[in-house]
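In the block that follows, a single chain appears as structure tokens, in the form predicted alone.
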């Protein structure tokens, strides 16, 4: 192979790489630059790590981080729920293809649309509490949106319901690609449904589960702004009970006009997300190696 043939593939992708670097790379570089400046307007003087020191000394920032960590409790719930539903669909119960479409529908709809509907349903006098009162469970009729103790858990329920749709489709796609002779052999040996799930299905789903866990963690840490913005009335309410790191960045940039502070938090969030993307690539590489083997 001559030199020109080796260079040709890179020449073909060079325009796309240049475009991506301009669209995504340049803003990232500017964010890191702004995080070390006292920005007023479009630029400002260099102040070193002062923005970071100010952010790390604010109780509201740490409260936002704590809320993100609390939302991480949704990840194991999403994994277990998605896996169980996928396995039930894999058993080809009547109408399973229709159920698959219905379950994936929330993931297609925009988050603000779902959040507005769910906010109406979970109001104190909304349909959810009315049903609970009708069946005699008055003690469960809570102020799901207006209570500082419950609001973040309500957001978590919404996240679990919507984001699990992706897990169900991922797991079901993997199940449909499995060698079903192993499952049939387990049935002939007298293995129960739970035994087949634990000893036959889950071991073969390990790579997909790891992939979904990493994606879900990244989602919880850096992609829940629309959920809390809509449920919390745009301010992370009631009070600051649903304020997360993304909303903290939004408030610093838009409401208090502090681009340096917003950039510092954005830079830290970017680095944390980057650390989580590394194991994601490791999982994908291991999956490719297993497929080749």
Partner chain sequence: MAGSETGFLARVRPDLALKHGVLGVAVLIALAPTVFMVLTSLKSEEEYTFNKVGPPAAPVLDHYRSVLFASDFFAWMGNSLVLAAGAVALSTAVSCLGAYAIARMQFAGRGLLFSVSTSLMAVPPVVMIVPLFVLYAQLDLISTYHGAILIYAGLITPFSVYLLTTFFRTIPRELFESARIDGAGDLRILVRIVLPLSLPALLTLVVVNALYVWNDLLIAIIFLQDDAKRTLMAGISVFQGRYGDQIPLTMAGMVFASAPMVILYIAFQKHYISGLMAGSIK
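Positions refer to the first chain, counted from 1. Quick caveat, the model's predicted, so the values are computed rather than measured.
Absent from the display: the form predicted in complex with the partner chain. The rest refers to it.
| Does the trio 75, 237 and 240 actually contact the partner chain in the model of the complex, every residue with a heavy atom within 4.5 Å? | Per the other structure, none of 75, 237 and 240 touch the partner chain.
| Looking at the partner-bound form in the model of the complex, is residue 201 within 4.5 Å of the partner chain by any heavy atom? | Looking in the model of the complex, residue contacts with the partner chain do not include residue 201, since no heavy atom lies within 4.5 Å.
| request: Using a 4.5 Å heavy atom cut-off, state whether residue 64 contacts the partner chain in the model of the complex. | output: No, residue 64 sits far enough from the partner chain in the model of the complex that none of its heavy atoms falls within 4.5 Å.
| Hey, in the model of the complex, does residue 177 get a heavy atom within 4.5 angstroms of the partner chain? | Close contact is absent here: in the model of the complex, residue 177 is far from the partner chain, nothing within 4.5 Å, heavy atoms only.
| the partner chain contact in the model of the complex: residue 125, any heavy atom under 4.5 Å | So residue 125 counts as contacting the partner chain.
| message | Under a 4.5 angstroms heavy atom criterion, identify the one residue in 183, 205, 142, 215 near the partner chain in the model of the complex. | response | Checking each option against the partner chain in the model of the complex, the one that comes within 4.5 Å is 215.
| Pick from 197, 85, 79, 150: which residue has any heavy atom within 4.5 angstroms of the partner chain in the model of the complex? | Exactly one listed residue reaches within 4.5 Å, namely 85.
| query | Using a 4.5 Å cut-off on heavy atoms, which residues of 240-270 contact the partner chain in the model of the complex? | reply | Sequence-ordered list: 246, 249, 250, 253, 254, 259, 262, 263, 266, 269, 270.
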